[in-house]
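Two versions of one and the same chain are coming, encoded as structure tokens; call them structure 1 and structure 2.
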Structure 1
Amino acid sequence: MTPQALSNVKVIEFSDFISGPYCGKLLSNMGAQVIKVEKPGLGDKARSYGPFPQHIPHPEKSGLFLFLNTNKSGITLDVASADGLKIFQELIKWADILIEDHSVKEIERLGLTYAALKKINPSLIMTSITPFGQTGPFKDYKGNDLIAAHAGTEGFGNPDEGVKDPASMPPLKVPNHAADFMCGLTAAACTLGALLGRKNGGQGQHIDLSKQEAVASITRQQLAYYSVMEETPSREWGRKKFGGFLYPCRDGYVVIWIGPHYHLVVKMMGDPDWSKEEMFANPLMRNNYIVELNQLITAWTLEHTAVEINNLALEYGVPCSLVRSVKDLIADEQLAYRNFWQEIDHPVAGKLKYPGAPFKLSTTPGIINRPAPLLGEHNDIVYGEILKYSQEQLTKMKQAGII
């Protein structure tokens, strides 16, 4: 059997939608035993978010939910009830890690503060994901993906080129719930740190993950620029000085990264006369005249198709990509060669292709061997076999709406 790096790690995931579940997925796909606690009835919000086949909502067919919850067991539990709380506390005794994303006030109301849970399980690692953290003037503020992106400066900074009319084009969140994913990933890194520390002789731990900080941490380079260079940020078009630029072509867009590759870029364009001008003589000069340089490059890209440019770039070693849709990513030969995609059969949603592990570990590769759980699918196993409730007790709990 292929070994799994985290196979002896037990996790309770008491969180909704994307951030907590992506954190849990990173652990479950490396072998951790993750029990996902959902509220009876509707379950996780991602179940009602989609995408759905033919856009018809169905709690077992949401692509987002299916993707985020592979390899997990699923139970339903009304944690707000007295019996539900008791059961949750039993799960905490069993667990190494709790991932939760409730507000500070809600956790207090439910009786699930770290101080309370630590008494039940002193070695527990509790990862709390909140919009602005557990402390500070904004600690009780609500948030979501949009709020995290804007609170962490990523909204103000997007798009990277700036905009043509800053007054009518607002700061823009990053696409596809990217901020929520970043927060979940960041929570996983903190959680693994605490797990390693515990293995190393350390203690149980409460992790206070602020989504605002998780996003702001990614803009660290630009935060440093403000602090050190006293560079006042603006949203004006043309503010970007280096890195990758978007160029329109005859039939779409390409992104080219000039940087230290200027000589390759101009060679690819046939060494035009302008490329030898004094104003483009060195990187510092090129940064000062980046708008002019990009205009000249654009005049050339507009005469070619995106594929022509991409092929030339590959030939000349210029960092470049077509601006492609996710369709092309899924069809890409590189990912096929590396056996990235995994086909998984789900009892209701059927056989679908899923993204595989985000990194390849040679001895303990992440393997998806179970589809996302149906709502309450593992109630009998978790309550019966792990917590040792009798069939009779289970029936009673079901009737009372606790599970």
Structure 2
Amino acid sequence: MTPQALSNVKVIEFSDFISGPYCGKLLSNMGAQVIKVEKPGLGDKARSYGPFPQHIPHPEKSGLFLFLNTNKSGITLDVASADGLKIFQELIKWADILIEDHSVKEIERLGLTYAALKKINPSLIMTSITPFGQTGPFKDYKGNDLIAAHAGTEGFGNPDEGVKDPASMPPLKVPNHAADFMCGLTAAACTLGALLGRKNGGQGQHIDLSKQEAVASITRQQLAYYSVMEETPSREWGRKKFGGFLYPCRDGYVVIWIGPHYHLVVKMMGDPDWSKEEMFANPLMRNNYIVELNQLITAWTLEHTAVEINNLALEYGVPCSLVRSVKDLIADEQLAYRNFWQEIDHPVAGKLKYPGAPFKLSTTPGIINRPAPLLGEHNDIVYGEILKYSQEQLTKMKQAGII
């Protein structure tokens, strides 16, 4: 097989749910050997989250867990026990990277601080994901996707088109754990940076990743607006003055980017008479009449299907997209052409269609070739072949609840 970019990189994933596991998944997509550490009997919290086939909960059939943990080896280990801690420290000696998402207090209680672990493995890269970082007055606060979204101001600007009554319609979090996934993506990026730094003659290091900061780093226009104008952007209806807009059609929605493409948009619409009026034709005046412009464009889009408008946009060079449902995405011809969807056979969940690696590396391709691990599936391989424990020792550790 063609070597992958991270084929020789060894990772311990001591993380639950989404952010840490998504970081591990992105590294494993590039060939890293990722060993996922789960609690004996319970496993990753994501195993209890759906969706489940036929809506029947099952720890080996969670769609969320199956997606997040492809390509990984899975072991069970009670790190809180003395013997479990000793085994974990042996894994740290083996590893290049540790991904963990436990609280500062929990890591200190377990004796797994970076200061302690770098004595065991000076070249270790330890990526710590917490709601508010390792320092500061909020360092011990708990958090989740909802808290990260609002603490980082992601929720303030949503819905992006504004609301008719800001007083009665509060900020709205983006759905589907977007903040958690953004934190996982950020964790993967900075972990690769630390890995590259170590390769170039540096040492191991501790990565302190705050979910609040990861989300705050993508606030973009709102942050820029405040930095330049020293004013908080309004959430009033129609506040958006530039860029793309969402328009209803006969059978769905499209988003059209007007911006510098006004002349192409109105040409696509047949050059209506109103488009030549100075209030719209003059780009310096147009933004003051954006509500009226949107009403006129909406009247036109409602006369067409989303596909008709999308085809016209392609013909006239207008930046446009259908607003796809998940069903539409599965059938998307562009994704099919690029082999984005992959069918993976899991021993319990069966054959399911998964999103593939979200990138194409020409010489070191990303590959998903293994399903998510069963709970403790690779105990014998990791403890027996890597750490050299005997079968008798493994049996005793299992009986004691250590693995």
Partner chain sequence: MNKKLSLPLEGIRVLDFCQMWAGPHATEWLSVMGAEVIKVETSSRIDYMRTVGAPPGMAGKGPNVGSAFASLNWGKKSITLNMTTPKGQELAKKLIKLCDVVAENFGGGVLERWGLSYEEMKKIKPDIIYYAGSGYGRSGPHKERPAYAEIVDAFSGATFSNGYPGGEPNVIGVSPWTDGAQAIHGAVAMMTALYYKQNTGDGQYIDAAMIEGHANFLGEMVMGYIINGAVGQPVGNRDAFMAPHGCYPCKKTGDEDEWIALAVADQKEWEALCKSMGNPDWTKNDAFRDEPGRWENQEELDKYLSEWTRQYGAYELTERLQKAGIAATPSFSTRQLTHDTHISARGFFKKPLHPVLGDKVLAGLPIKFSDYAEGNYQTPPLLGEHNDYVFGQLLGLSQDEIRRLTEEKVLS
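Under this definition, the rigid core comprises the largest set of C-alpha atoms superposing within 1.5 Å between the forms. Numbers follow structure 1, counted from its first residue as 1. Since this is a predicted model, take the numbers as computed values, not measurements.
Asks: Out of structure 1 and structure 2, where do we see the form predicted in complex with its partner chain?
Replies: Only structure 1 fits here, because that chain is the form predicted in complex with its partner chain.
Asks: Do you see a C-alpha shift of 2 Å or more at S81 between structures 1 and 2, with the core held fixed?
Replies: S81: C-alpha displaced by less than 2 Å between structures 1 and 2.
Asks: Rigid core aligned, does the Cα position of S123 differ by 2 Å or more between structures 1 and 2?
Replies: The answer is no, as the C-alpha of S123 shifts between structures 1 and 2 by less than 2 Å after core alignment.
Asks: Given a core-based superposition, decide whether the C-alpha of T305 shifts by 2 Å or more between structures 1 and 2.
Replies: Superposed on the core, T305 moves its C-alpha 2 Å or more between structures 1 and 2.
Asks: Once the rigid core is matched, what's the CA displacement of D251 between structures 1 and 2 in angstrom?
Replies: Comparing the two forms, D251 shifts 2.8 Å at C-alpha.
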